[in-house]
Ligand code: HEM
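The data below hold one chain only, encoded as structure tokens and taken in the form predicted on its own.
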């Protein structure tokens, strides 16, 4: 027998509330009325989407922590001048957890796909006009991560906020007023002490990259299987690469340039001991960008399999809208650094390499 007022497994997890939340409302005159499931598979549809929302809640929790640590506003909310080195592994772990959640969430679409499209059609009309487009937590996650509002695809010419109730719109407005993970990342990268270790890094890396491109150009120029037209096309691409590295390292606002150069510097010299955690963090954020896009892509594929290209329950274009969202980028301009990585043998050496290494007792 359990003791009153002592936690139990069920009470701690509030399973009474969670497991009694699979009966849809009737939306009639009497608040709180629920209806029976219209089809056996409606239970699957409800539970899987509830699980998605729980994962979204946890990802918001974790992304918020990563943002606060990188944005120099830890637990007390007071911004400090630097990010403590001991906090960087915590950010890595937090981002890693989000990436694992996204991996698991992508697999959850397989559960929905055990439901035949005809089974879904048995209760789909009863859901209308509700839609996953109205997932407030997913919108919050996009905003918190740093997806620019200007990059969003519009639904029928209007904003997603028009499909939310006043309380939900208020949540979105609060999120829009917060620092994003991308903002925090740019702030953190901008404080990388490149000038102290390699004052002429941008110029040296540009020259090294030019050397790499010249090698590649010579290789393709002597390739006997290429036609002259193909060689000419390759030369055009190499000229574009030379311009691209200059745009990346020298064109843009001072804050953007600091962040890009830092991203390139940390990624390039990742084997130096003091850059291992920062480079691991950047790898985790690259994975996050990829995992987020994979979630969107997998969602689109599930919708294509279940309902094809028909109009969504909320009135959206459905599949075509989801296809467009797979192109969303959060850290896109930073990730262009991957276009310019070169072999270690071609890298310029930092002026003060010792500053990037552990120096015990010296």
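This structure is a prediction, so every number in the text was calculated from the model and none was measured. Numbering follows the first chain given and starts at 1.
Another form exists, predicted in complex with the ligand; not displayed. Remarks below refer to it.
Can you tell me if residue 87 lies within 4.5 angstroms of the ligand in the predicted bound form, counting non-hydrogen atoms only?
Because no heavy atom of residue 87 falls inside 4.5 Å of the ligand in the predicted bound form, the answer is no.
Applying a 4.5 Å heavy atom distance criterion, does residue 49 contact the ligand in the predicted bound form?
Because a heavy atom of residue 49 falls inside 4.5 Å of the ligand in the predicted bound form, the answer is yes.
When the contact criterion is heavy atoms within 4.5 Å, does residue 112 count as touching the ligand in the predicted bound form?
Within the cut-off, so yes.
Taking heavy atoms only, is residue 302 within 4.5 angstroms of the ligand in the predicted bound form?
Yes - in the predicted bound form, heavy atoms of residue 302 and the ligand come within 4.5 Å of each other.
Which listed residue (288, 120, 238, 188) meets the criterion of a heavy atom within 4.5 Å of the ligand in the predicted bound form?
It is 120 that has a heavy atom within 4.5 Å of the partner.
Have a look at 277, 269, 201, 133 for me and say which one sits with a heavy atom within 4.5 Å of the ligand in the predicted bound form.
Looking at the other structure, the residue within range turns out to be 133.
Tell me which of 329-337, 315-323, 27-35, 64-72 has residues with heavy atoms within 4.5 angstroms of the ligand in the predicted bound form?
Going through the listed ranges, the match is 315-323.
Non-hydrogen atoms within 4.5 angstroms of the ligand in the predicted bound form: do 45, 56 and 306 all have one?
Every residue of the candidate spot has a heavy atom within 4.5 Å of the ligand in the predicted bound form.
Which residues within 239-275 place at least one heavy atom within 4.5 Å of the ligand in the predicted bound form?
Contacts from 239-275: none.
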